[in-house]
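In structure tokens, one chain follows: the form predicted on its own.
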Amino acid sequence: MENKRVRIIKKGPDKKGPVVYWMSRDQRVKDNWALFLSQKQSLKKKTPLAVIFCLVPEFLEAGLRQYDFMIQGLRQVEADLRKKNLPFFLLLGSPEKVLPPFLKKHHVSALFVDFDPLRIKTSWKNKVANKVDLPVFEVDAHNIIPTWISSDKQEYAAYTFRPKVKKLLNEFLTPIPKLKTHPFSWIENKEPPINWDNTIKSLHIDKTVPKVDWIHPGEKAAAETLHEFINHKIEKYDSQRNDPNKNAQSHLSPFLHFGQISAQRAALEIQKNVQDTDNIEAFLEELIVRRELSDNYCFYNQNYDNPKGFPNWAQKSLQEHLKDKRPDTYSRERLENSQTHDPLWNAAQDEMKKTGKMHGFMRMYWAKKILEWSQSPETAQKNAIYLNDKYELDGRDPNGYSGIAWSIGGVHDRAWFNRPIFGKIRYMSAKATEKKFDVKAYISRISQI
């Protein structure tokens, strides 16, 4: 099973030298298959092991809010690695420029990398691999079932993906080995601690979106959030998770996005500590099936962020309604400033801007209204991705891309009744939403944040 979690990206000579784990998507020390397998390789070779993180000066729409959350988590990673006699190197710049010289300088014999389905991450990985003369191994420590194993193609919907997951789950949802204190010290073992405060100051990023204070970053906070959910909230998850006025969600999404907690650990803890089957199944459906379906979409469909990634029926239907009259249209600026005629939508946008998180049910409504108020599906998708990635802590993520593509382009959904603007895309209205939860209470609560 361990061997199935890793695949060879590039073959290379079997030589003596340190092993390096290039940490990217999975920013944690505990329950990290990529770190564990890289240590296993280094122990076999009887060589030192180092962890490297390449901090790029800008990444999609991420700003201070997201960079600070990530960097505070990495600060904990560095401290925890030192306890295991493992050095942590922070390289500033694009990976293909800064990583190969480091590997060459230190005569590294093998490189382990995180799996990530996004185009930009795949591009970095391939460029690094092309510049080095050593074996490169990719490990999927983000998903419980490695994406290339759960399915060999883009899945049509959750109902086609779910049986494949259930068939493999017992094989992969197993106890996670613990990292050992490394017996072989890095050559330069007296590296000074990283000055993280100066690192944040040196970034050339948008600092207008403020940090959030309702959630704390890092592995420790992630574990505490999981246990808080298990002890106090999961008992109402199945019945109340779609009500934005109920505090029934796990709040794990930012930690999962930055890899500060393992989805496998979350699933194991839920199974171990929760008795109610309905709540377990409802949570694992979201954590495993829906979440890993998003990785499947982005991995097998390189058009995950544009309308070419929509299913053919949706592209055809939306094209047929492209010239439909739109009673209301809003520019990106108006949307960003919550200046629409719809107080419910404005509240959802404000929630995201203020807290870095929008309730999952509201994200669907929010994105579908952007389609309704845009001149084209392409413009709608671009604006939704821009706003999501700028304000959400868990933006720039397969969940975000697939969720927006579901709302605007019918991905992982079926064709519905034909209607203006939407065509056969599933429609959501404010009036129907009022039947699901207290809309006025939601709007009032957001206004007071």
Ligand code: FO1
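Small disclaimer: the values here were computed from a predicted structure and weren't measured. Heads up: residue numbers just count along the shown sequence, starting at 1.
Just so you know, the form predicted in complex with this ligand exists too; it's not on screen, but the next bit is about it.
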Exercise. Would Asn383 count as touching this ligand in the model of the complex under a 4.5 Å heavy atom rule?
Worked result: no
Interface membership of Lys369, this ligand in the model of the complex, 4.5 Å heavy atom rule: no
When the contact criterion is heavy atoms within 4.5 Å, does Lys164 count as touching this ligand in the model of the complex? no
I'd like to check something about Trp373: if you look in the model of the complex, is any of its heavy atoms closer than or equal to 4.5 Å to a heavy atom of this ligand?
no
Testing 337-345, 273-281, 118-126, 149-157 against this ligand in the model of the complex with a 4.5 Å heavy atom criterion leaves exactly one stretch, namely 118-126
Interface check vs this ligand in the model of the complex: of Val29, Met70, Val411, Ala50, the one with a heavy atom inside 4.5 Å is Met70
The one residue among Val56, Ile421, Leu43, Ala415 placing a heavy atom within 4.5 Å of this ligand in the model of the complex is Val56
Of the residues spanning 244-276, the ones with some heavy atom within 4.5 Å of this ligand in the model of the complex are His257, Phe258
